[in-house]
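Here you get one chain, nothing else, as structure tokens; it is the form predicted alone.
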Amino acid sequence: MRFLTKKIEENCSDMIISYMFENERNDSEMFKYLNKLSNKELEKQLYEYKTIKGALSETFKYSLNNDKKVIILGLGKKENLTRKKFAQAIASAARCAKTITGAKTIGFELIENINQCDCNYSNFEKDDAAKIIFSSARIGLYSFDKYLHEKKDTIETIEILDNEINSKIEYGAQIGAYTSYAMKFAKDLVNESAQIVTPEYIADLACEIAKEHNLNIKIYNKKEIKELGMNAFLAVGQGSVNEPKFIHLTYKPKQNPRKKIALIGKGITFDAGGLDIKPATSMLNMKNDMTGAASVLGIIQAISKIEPDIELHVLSALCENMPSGSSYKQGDVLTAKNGKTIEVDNTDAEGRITLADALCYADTLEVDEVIDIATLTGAVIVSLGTNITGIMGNNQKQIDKFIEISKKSCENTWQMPILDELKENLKSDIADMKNTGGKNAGTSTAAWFLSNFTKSKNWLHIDIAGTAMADKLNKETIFGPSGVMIRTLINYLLS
């Protein structure tokens, strides 16, 4: 897919999206251009015949001529418009445009600056709008049809149209475009079947990414992982015929980096639960347990294109959690890379065990911040549902900054606590800790467990178990992988 910015009359769009606020006239240059093409019929449709009120995500399709159509997109009341609502409306309009037979190029009007309150994540300027348009339109257009015999028509190009495109808007558009690529990459990888996406497959893919984007890479095999002392991680994968891999990709800027960050993605390529095997219905979508790994691989590709002045280390401990005669067992005691011991209480709480060694590895890199993203606990769904991501960590300033950026990135987050009292949940008589602690406070308890394996004073933990997959069409994302937190993480890394 191509992403372009153009002046209004230079557009090549089959379908143009223009906007209408509820009970307000659109007097923008874009609307004047479209109205002229329609011989002022468009104006009559909207304001004389009142075919659309302008409610949020309401759409009205109109043919300007044989070659060009328009969708008038309602944005609701102007004083109520936020970045998130704008993103939802853009995704909805993109889905609407996809239904138009023969449409190959969509053009979006670049909305004027919205400054209406003291709330930073409601106000946005044209560069923010450009970022939102490219990322949200791609969300609305996304589909995975690799295994479908009949392919649907696809949109090939998205244009942002405005007569005053400047370098700031171009930069916002660039971030939006590369963010959309990262999200599509991650969603495609999660949608692929686990029979293909093995630890070796992702390791090979990481090598291809490194070559294409000029990144440093190190892939550790089973023997090398053992030599690193990552015995907890190795235990999780020992029940599978597919051997584990540990990947370390590095992006370095041309100049001295202003900060160094390690970004860890959970990489369980299929989670059957081990000997604590999952019920069939719970196992159905467990190919998505590597969403964290898919996300960080998408993110580093976007970062390498945007070229910020940071150093980024992407890590993932890749394995399958399978039941077999060689599986790790309840009651086993595992020794992590930092020497701490773990009593296995439940083999289906495997993600935190692999992340423990990944966090220890990150400590060897001498980075300024450590962030992990993982489909970690079912408990986070009970706590926050399927539209809010749980955020935890050990530095309140870092957490506050991340949550603020998530709001600006059109994503919902909520901080959950990590308390010292939680260690009682994981108390073991024979090891330093157990890997699970019962039903209560499961998300926070898992985060406390992870906190034992990082020395970083700037560690952030992102639990996407509830938000990584959309179980139905919502206001922005279709059914399936959501690409959640990719927008926020890219914007955070650029901040």
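For clarity, every value in this text was computed on a predicted model and none was experimentally measured. Start at 1 and count along the sequence shown; that's the residue number.
The following text describes the form predicted in complex with a small molecule, which does not appear among the structures shown.
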Option touching the small molecule, based on a heavy atom within 4.5 Å in the predicted bound form, out of Glu109, Asp128, Glu350, Asp357: Glu350
Of these, Ala210, Ile71, Leu334, Met286, which has a heavy atom no more than 4.5 Å from the small molecule in the predicted bound form? Met286
Whether Asp271, Thr377 and Thr436 all lie within 4.5 angstroms of the small molecule in the predicted bound form by heavy atom: yes
Where, among 342-350, 397-405, 249-257, 181-189, do residues come within 4.5 Å of the small molecule in the predicted bound form by heavy atom distance? 342-350
Does the small molecule get within 4.5 angstroms of any non-hydrogen atom of Lys423 in the predicted bound form? no
Lys104 versus the small molecule, in the predicted bound form: is there a non-hydrogen atom within 4.5 Å? no
Is Ala465 close to the small molecule in the predicted bound form, meaning a heavy atom pair under 4.5 Å apart or at it? yes
So in the predicted bound form, is the small molecule close enough to Lys305 to count as touching (4.5 Å, heavy atoms)? no
